[in-house]
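Shown here is one chain on its own, the form predicted on its own, set out as structure tokens.
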């Protein structure tokens, strides 16, 4: 199948390499011409536990080169999602499906306003960008996909075909009818981990051995869980334990937010802790730790310019 992966970051590069390695015609869509040319000539160098390999992929910054695409994985940052899908509209046919894999939930409404059909993806795949076209696969966490609203039988079949395709490429994936709850669970976990790793400048697992950081993690998660419940989302009975378990399972992983900070790039803190703060305000809930994490990362970002 001809597949487009929009976004050449860590997750996009990982998905492009795994899908291309499975024999699909994969196009990695970038917004930077020189980087796209570089990846097209070099391929993606994929570092895995068993060694490294080079996977050839097509890459371009010009969507017009692709023609119609039946399956698109949207792997850009949440703040760039709406702009990216507008670039993708000419590639969509009546049977096309876009799978959006952004952190947070604030962009969902915007995507629904632009796209005729899209599915939400939530993944725990671990990926770290080492250099342009070079990615380390840090762990094979599960991926879930699903629709946020009722769709017809043909769309459901299309989603199931996508699940089978992803599994055959080594991306363990299931279809979920409760995908919004899955997204909220990841948001809660990310609220407890990502900003803290950026501020502490540490791998995920280090948060568990730093008493002050661990206390902040627990408080941030409890605040986020309270907001989720107020929003009508059914969450796991022990969100703190769930987050600590993720920390243990990804102990050596460098969070995407810390990767961004180290590269002096805008982070997704607005889509994660910022989302918790904004949603909490709607219900009159106090979330001081999430507010402090948001402010702390924003202070770091202000130094980038």
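Quick caveat: nothing in here was measured; it's all calculated off a predicted structure. Positions refer to the first chain, counted from 1.
FYI, the form predicted together with a small molecule isn't displayed, but the following is about it.
**Q** Out of 34-42, 54-62, 234-242, 254-262, where are the residues with a heavy atom within 4.5 Å of the small molecule in the predicted complex?
**A** Answer to the contact question: 254-262.
**Q** Taking heavy atoms only, is residue 194 within 4.5 angstroms of the small molecule in the predicted complex?
**A** Result yes; residue 194 sits at the interface with the small molecule in the predicted complex.
**Q** Please tell me whether any heavy atom belonging to residue 246 falls inside 4.5 Å of a heavy atom of the small molecule, as the geometry stands in the predicted complex.
**A** Yes - in the predicted complex, heavy atoms of residue 246 and the small molecule come within 4.5 Å of each other.
**Q** Is the gap between residue 190 and the small molecule in the predicted complex 4.5 Å or less for some heavy atom pair?
**A** The answer is yes: residue 190 has a heavy atom within 4.5 Å of the small molecule.
**Q** Using a 4.5 Å heavy atom cut-off, state whether residue 204 contacts the small molecule in the predicted complex.
**A** Yes.
**Q** Which residue, 186, 158, 137, 108, has a heavy atom that falls within 4.5 Å of the small molecule in the predicted complex?
**A** Answer to the contact question: 186.
**Q** Quick one: from 162, 226, 143, 103, grab the residue that has a heavy atom within 4.5 Å of the small molecule in the predicted complex.
**A** So the residue touching the small molecule in the predicted complex, by this definition, is 103.
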